[in-house]
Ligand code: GBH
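As structure tokens, one chain now follows by itself in the form predicted alone.
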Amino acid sequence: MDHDISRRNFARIAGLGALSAALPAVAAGKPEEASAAAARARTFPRGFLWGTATASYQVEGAVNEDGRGPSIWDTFSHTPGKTVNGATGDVADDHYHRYKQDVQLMKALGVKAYRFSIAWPRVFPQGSGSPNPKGLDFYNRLVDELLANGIAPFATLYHWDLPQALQDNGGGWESRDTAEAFGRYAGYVAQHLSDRVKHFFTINEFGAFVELGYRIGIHAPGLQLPPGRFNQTRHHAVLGHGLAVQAIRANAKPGTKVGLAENMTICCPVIEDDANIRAAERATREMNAQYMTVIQEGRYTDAYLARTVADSPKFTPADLKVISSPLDFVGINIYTPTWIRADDSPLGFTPVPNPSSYPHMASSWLTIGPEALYWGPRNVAKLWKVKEIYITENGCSSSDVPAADGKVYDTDRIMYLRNYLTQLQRATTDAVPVKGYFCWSLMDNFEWADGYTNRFGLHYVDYATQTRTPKLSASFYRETIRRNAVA
């Protein structure tokens, strides 16, 4: 026996032996039947909506054109030391001027939906007061171009680019005035776009822009508020969502649907047995108490209020009624799992910390857990009886270095997408009402405080020339869409 055989080599040799032993059995049957059965096992429901997504400040550029006012991200990114290499969104992907080219990228992928965000300071440069018609004109042109190419527009009203004037006058989302201004802005946009846009998301990721911008301070506006003021900011954000829902319903054309896009804490049972599954359900409700749970239930959980005690937000029953205005659908942005195990604590669960060896993508925070795409929508549907769910973001960062031939062979992103989509397909097979999936992102873009150092796109962007090049993952996603099955 060769004593130099390593454990890795042994596994390879053993695998080849197993494969050779299995080959006659495959040959003896009908391989085409087995292949067809396997394909069916990876198939999504008929009519499943495949899309992709971007956000205004991350792609548009043109920050000083056609009457756009400054946003908190303009201010933050131009403050020395706030972003990697001092990067800003001044130009980004120049989508404002190149949107027709970018719609053709979508068409080539075969997507039937595009989730984009509307820059509040383009439409209301001061956040409220007089609207800017030229700002809305851009989104009219974009929506018309999408529809002309068979792509349904899904519009997000707030993806973090708050008008700077609202931050200067009252502290942004610290102020109830901002929540009310957001409602007025939402109603205005719905009135003018809902003849063609039939799905509106109010706010993108409370769990990111509030926490990172007002508590930790690493995103705009860069604040570290004390607990009482911070929890009140949380409350004003969900209140703004509720006011926007009501304004959209009051101003939109018939048939318009409204929801939100939240990066919930995705609680997954560390072992899929009854006790841990129940624990993950309890954790989903409690660990999202400040955002999704109050929106769905119209109340803050007792445990949340007990934890915050004197720092609890001040609110009225009327506030809670507005916050919990009924939604037509729920969008969930899913990247990573939080593993949950059952325990004997009063809450009945505890998060399981990841060891230092836990795998992640190029971004250190982006730990890999495909099961999140099963348990996330499954728990939302079960807890709150939601009947229409969209995965509004899912994707990953990669090193994305072009090879000698100029192409990007992002096999790690394909691995990530394939595994996550397999779990999403499992969810649809189990009758979880997921109606569509939006891959993040259409193309590389300004990645907030990380600047241009992290790439999440299906298309590589050379920022010096603005050339877009499909990565290998774009071919994978195109084939998945074509088959309506995991490729």
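Predicted model, so just to flag it, every value in this text is computed and none were measured. Heads up: residue numbers just count along the shown sequence, starting at 1.
Unshown form predicted in complex with this ligand; subsequent notes refer to it.
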query	finding
The unique member of Asn288, Ser398, Thr83, Asn204 whose heavy atoms fall within 4.5 Å of this ligand in the predicted complex	Asn204
Position in contact with this ligand when the complex is considered in the predicted complex, options His199, His159, His95, His236, heavy atoms within 4.5 Å	His159
4.5 angstroms heavy atom contact with this ligand in the predicted complex for Asp102	no
Contact test in the predicted complex: Trp440 vs this ligand, heavy atoms, 4.5 Å	yes
Partner proximity in the predicted complex: Tyr214 to this ligand, non-hydrogen atom cutoff 4.5 Å	no
Ala108: touches this ligand in the predicted complex, heavy atom cutoff 4.5 angstroms	no
Triple contact flag Asn333, Trp365 and Trp448 to this ligand in the predicted complex, non-hydrogen atom at 4.5 angstroms	yes
Stretch in contact, per heavy atom within 4.5 angstroms of this ligand in the predicted complex, of 440 to 448, 43 to 51, 415 to 423, 59 to 67	440 to 448
In the predicted complex, residues of 258 to 274 near this ligand [heavy atom within 4.5 Å]	Asn263
